[in-house]
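Taken one at a time, structure 1 and structure 2 that follow are two forms of one protein chain, written as structure tokens.
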Structure 1
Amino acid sequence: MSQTDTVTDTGEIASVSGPVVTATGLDAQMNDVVYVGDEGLMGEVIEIEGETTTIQVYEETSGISPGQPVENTGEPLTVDLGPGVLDTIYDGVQRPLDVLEDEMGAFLDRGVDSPGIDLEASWDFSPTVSVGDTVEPGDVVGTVPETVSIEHKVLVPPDFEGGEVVEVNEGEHTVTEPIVVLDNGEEVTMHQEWPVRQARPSEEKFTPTEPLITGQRVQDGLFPIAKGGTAAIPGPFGSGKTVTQQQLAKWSDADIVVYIGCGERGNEMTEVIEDFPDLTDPKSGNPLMARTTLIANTSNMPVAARESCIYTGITIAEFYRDMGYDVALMADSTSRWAEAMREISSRLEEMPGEGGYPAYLAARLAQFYERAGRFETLRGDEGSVSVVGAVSPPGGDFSEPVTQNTLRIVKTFWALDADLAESRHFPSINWTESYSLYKDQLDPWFEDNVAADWPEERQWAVDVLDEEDELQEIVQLVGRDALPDDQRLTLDVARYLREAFLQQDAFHDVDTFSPPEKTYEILTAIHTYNDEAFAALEAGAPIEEITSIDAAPRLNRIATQEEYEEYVEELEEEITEQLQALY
């Protein structure tokens, strides 16, 4: 954030109540960024009523008193965009946390402002245009090696007019120096600003047809999300939302990952900060941080910055989308964002809607998720932003407003389940409640790239799990032994589906990432066991012997094998052999 700009007007504080401050004598527009009090705390105008301007302040307001000055910058909240955004950790208003640590030590003090990218650093600019070319808004004028993984494309800002290039400055430059000059006097620099509450423009939005591969079996296999799609992960505390989000951030095959820790735990963010630099991107082999931006606004940081961090994140995501990249954004958790809205709203004494949330909750959620999608960029390229939002429903009750309003928008629903988590079934995604509306549009991709019968295999698994669900109700009443043999066998197969396929150990070196081919192999191995076991049963082999062959439990070990192809092949042979020996 670099609101170090000119002051357009000065007013005076009239009242202070927590993060909400009112000022008089200030000529301001909605969403202008202001500096509050003698220490210059950053804030944003959120209401104007007659002479009184209401401001939400992004920092602690202890000791601030009426009569102190309020300075208006006359500009909305913006983010700094340019090379250096990746591999950086920000707070909710895009202040780099390492810069803040240098300036004020381990504890976050207030009144320190810092640009989102280092304005002094220089980058090696390689132009892709020459003098005489004509460029339009959104066009690439050159590239900069931002990290080992990502080539940063320098764009003509969307709010420029465009024209003929009259000057090109190749080589080392700081982000504020003009690198391309147009005939109408417009100067393109590597540094751009964009207001966070405004979506960056694009040409067109398409229907997504390619999956975002997550490396998680239950997600890729049963409930896939598209590149450019939206998903919600609701679940009570302790059900594994954060681990699920982090797994996506680590293993999904997006080019760029924006991870927003919105009102979550400090230690958890530290884990991400410590882990990510050591992890390698399975696609490129480079450090994961080289494609990642983290926004960490922990639960005890000021509430107003929690409200803005979601917008900071999505704007950064859109910036890389405009370069033609596939971006995945994880927001953990959108409930904390909604609660921040509620807290501010109640301090404004607005009329509350359902659950005390402001009446505009649904609209804000919809606006946010609508910024996801697969887009044609201004220059005719393609880029996508996929959004995965965690939801933390109070008491695990999915009927509460944030969950419900989210579900009306998103197309993939990964429902986390406390009972599964308690029995340490992870990821604790409930397979009967979850759904993906992208399945049909993604099937052709899976058929072409993984296996032609992918949709059929998936449907088989879903059918078995559904049947198990029904049978379990009967078992609860009469016991497993009272069931006919074929149903007992179905229960046995379903158990392998749960243990060998749906469960996945995020902390196991091999199992943490399961490519779609492996996901498919595990599924077909269980299917083989199913077919052979039913054949044996029909041929008269006793059910007890079928279910106790010693090869079958090894289905549970496929997940942890690095060389799984060979293992599966041998295992399938052995299962077939042992079962056929029974009759």
Structure 2
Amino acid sequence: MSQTDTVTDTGEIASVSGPVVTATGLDAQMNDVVYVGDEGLMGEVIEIEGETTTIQVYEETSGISPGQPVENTGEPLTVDLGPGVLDTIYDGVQRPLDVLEDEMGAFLDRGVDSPGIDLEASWDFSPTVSVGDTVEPGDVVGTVPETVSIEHKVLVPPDFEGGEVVEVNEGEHTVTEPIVVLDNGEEVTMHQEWPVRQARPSEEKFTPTEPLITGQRVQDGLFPIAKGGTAAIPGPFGSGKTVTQQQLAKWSDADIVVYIGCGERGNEMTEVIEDFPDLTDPKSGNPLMARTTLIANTSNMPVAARESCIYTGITIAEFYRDMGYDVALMADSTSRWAEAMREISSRLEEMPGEGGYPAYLAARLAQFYERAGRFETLRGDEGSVSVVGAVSPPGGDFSEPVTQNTLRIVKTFWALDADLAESRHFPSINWTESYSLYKDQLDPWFEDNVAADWPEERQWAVDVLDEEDELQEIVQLVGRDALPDDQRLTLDVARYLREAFLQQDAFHDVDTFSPPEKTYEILTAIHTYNDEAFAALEAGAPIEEITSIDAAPRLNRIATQEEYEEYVEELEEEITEQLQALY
């Protein structure tokens, strides 16, 4: 939102308490955007009580004092939508950081603003409608090549009435110039504004039935997320939340990626900002940033802006969903947003809930996650927004309020384990604590597109890993050698599941992404070893000879093979041959 917006009313500051400012003499409504103090700091009305208006300010408030003016725009916080959103890095209130850096260097001044998209840039508009056609809200009137990867579909805004097309302007235009004019006087431009707290309308919300393929075996194979689904990645410090989300952003089969760094440490966001422009999209070969937008809000930025960056990101995701695209949104981390809510709530002297968080914490989280889903757009296409939120519980305590409230909302839970991360097991997702409630509705897709026995193979792997977890408690007491032979063999099979299937090398050119077909082949190869090994054990072969065959360790190498089908076929034959030779 630009500071050129019309000022409808002026009041003055009554008090300042960190990011919370109270003003008097201001005729405002809830969620109106205001400009605070002589420097015009952007803020948002969050409470009105009598003559007193409470504002959360999205910039550092040091230096402003009672008596300074507060200007009300009379408009809610909105985002600029149109071509130019992709391949851009924003701050929490959608100011393009590269534009601001060109104007004032690495350190941003307070009170500055810039439109979210370049209003002067020209785009080559190709119409898909003609004079005399009738269009309705949400209809596509033309396309623009936004990036080398994404064709931007110009939509009739949802709040238009629609009507008959009386004028079409093909060719080069800026985003503010009319490209289609309707008989009722409405002018469609490439630029839209939309309030961030209001979900964009759709025709219908569906039950997701197609998985969001992540290329990570533990997620696709054991705990899948649907396109249009929600997932949480909780974990203690250093357990791999950020790197897991970055892997998802790089490799998931979404058309568009919106990555929100919400209150994260500066060095983590710096890594994202430096790495992403250099990455290549594995699907198209084009730069990954050509289908990505980054929202960078670091821990040293004002806490109130953490809330705006969350809502800015989900609104951008909905905009591309309305074009019929599948969007993946990564929020890292929602705990920092909850901490901002806690600080604002304490400044407002509200009654605290558990852990000092406000009583409405669960409602705010639910409002955010419920905007995910698989939708029928206003024009009849299908689009989806999948939301993956990282949670940073203090000390890795999953019983704390943010984690627990998130668990009540999301349907996929990827629990990160610091012990796994320290042992260099990546992704460090704990397979005994994680779960997915999407499995049943996604199984038909896997059965049709990968293998008919996908659910059975997955359940077999889960059962073996669960049995290993129980046996490890006994092993710690009496040692592995005290176990019966069949249980020792189960531990050996589980080790291959952990090392060859669950573990994945993000730095290996081949292993960093595992398609579902390869995930299935690795699982069936280990299952073959399991079946043949137990057959040999029942036939009287010694357990030491069974576990020491030459072919078995080659299970760990399947993941790094590009031509894995032939490799797996040969390996299964060798395993069968060597084990049957023992009896």
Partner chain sequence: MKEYQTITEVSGPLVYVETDEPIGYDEIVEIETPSGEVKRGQVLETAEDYVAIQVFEGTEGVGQDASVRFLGETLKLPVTEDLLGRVLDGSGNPIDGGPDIVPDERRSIVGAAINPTAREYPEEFIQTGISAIDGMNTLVRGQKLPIFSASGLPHSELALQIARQASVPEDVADEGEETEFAVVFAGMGITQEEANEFMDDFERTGALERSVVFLNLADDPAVERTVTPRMALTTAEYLAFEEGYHVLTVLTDMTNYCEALREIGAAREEVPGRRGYPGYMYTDLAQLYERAGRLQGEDGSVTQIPILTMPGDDDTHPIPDLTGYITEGQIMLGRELNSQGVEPPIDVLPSLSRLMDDGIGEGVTRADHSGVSDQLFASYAEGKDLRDLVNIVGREALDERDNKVLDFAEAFEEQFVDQGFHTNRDIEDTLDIAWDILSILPKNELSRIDEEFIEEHYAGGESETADDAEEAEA
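Under this definition, the rigid core comprises the largest set of C-alpha atoms superposing within 1.5 Å between the forms. Model, not experiment: these values are computed from the prediction. Sequence positions of structure 1, starting at 1, serve as the residue numbers.
- Structure 2, rather than structure 1, originates from the form predicted alone.
- Relative to the superposed rigid core, the position of the CA of A23 differs between the two structures by less than 2 Å.
- Superposed on the rigid core, the forms differ at E566: its CA is offset by 3.2 Å between the two structures.
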